[in-house]
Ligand code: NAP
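Just the one chain here, the form predicted on its own, laid out as structure tokens.
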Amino acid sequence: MALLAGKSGVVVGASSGIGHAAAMLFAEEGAQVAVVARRREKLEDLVAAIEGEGGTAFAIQADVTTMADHARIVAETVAAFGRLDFAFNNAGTIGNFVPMLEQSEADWDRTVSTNLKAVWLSVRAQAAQMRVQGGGAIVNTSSWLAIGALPGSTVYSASKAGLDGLLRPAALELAASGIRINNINPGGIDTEMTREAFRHDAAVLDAFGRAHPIGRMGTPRETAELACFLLSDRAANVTGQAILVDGGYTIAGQRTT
């Protein structure tokens, strides 16, 4: 049986990368999906692709940094599908990926607003609806940089570490309402955001991929597979966990390359 058969949910940050792959996968696994992002054209292309494969989806253009838009996302999803069984909060920004002394207060505010505050707003709106229904499942996209580091990652790492910190008390608070919440923490995933972080330098990207014990970066689809499992009933005993999907990159110890 399909993992998400009969379920309805939302993918926030669906226009590219992991979010795009997740929306396609969730629909393949039987879900009705509301796809959310800022770029209307990208969303419409995604909806067309899902419907072309026999799935059900609709687009919601929104600014995830505003509380009002999160309430609207939930309301429109429930109006379309009748309920909100799951949510995948994937919207994020790499920010200004330069050394800390070259970053500005505005850089901090933009990155933390998108990567941390927006997820807090998402979870609050989603959980309020799920509590009324009697339960649901939420997955947020964090990062290996919540526990690791690269030159230039100070603000990004702080925002993702905050997201992992938010996770654990949220899981405790929501469990009694039948709501599970987990984070996925991707390592090097071959997305536009990763390429942007490395300034689209092919040699550096290749070396980064080879530094993973599996010998390559991961794919958006592989990452989406973990999110799909965590949102399904097969993960009914999993909550409050930040799970690395990183090809072994964050394993500590000596490296020969």
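In case it trips you up, residue 1 is the first one in the sequence shown, and so on. Every value quoted in this text rests on a predicted model; they were computed, and no experiment measured them.
In what follows, reference is made to the form predicted together with the ligand, a form of this protein that is not presented.
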Interface residue in the predicted bound form among Ala57, Ile189, Leu231, Ala224, criterion: non-hydrogen atom within 4.5 angstroms of the ligand: Ile189
Ala37, Ser142 and Lys160 each touching the ligand in the predicted bound form (heavy atom, 4.5 Å): yes
In the predicted bound form, segment of 126-134, 86-94, 173-181, 147-155 with a heavy atom within 4.5 Å of the ligand: 86-94
The ligand contact at Ile50 in the predicted bound form, heavy atom, 4.5 Å: no
Residue contact check: Gly247 to the ligand in the predicted bound form, 4.5 Å heavy atom: no
Contact label in the predicted bound form: Gly9 to the ligand, heavy atom within 4.5 Å: no
Partner contact for Asp63 in the predicted bound form: the ligand, 4.5 angstroms, heavy atom: yes
Contacts with the ligand in the predicted bound form - residues in 192-217 whose heavy atoms fall within 4.5 Å: Glu192, Met193, Thr194
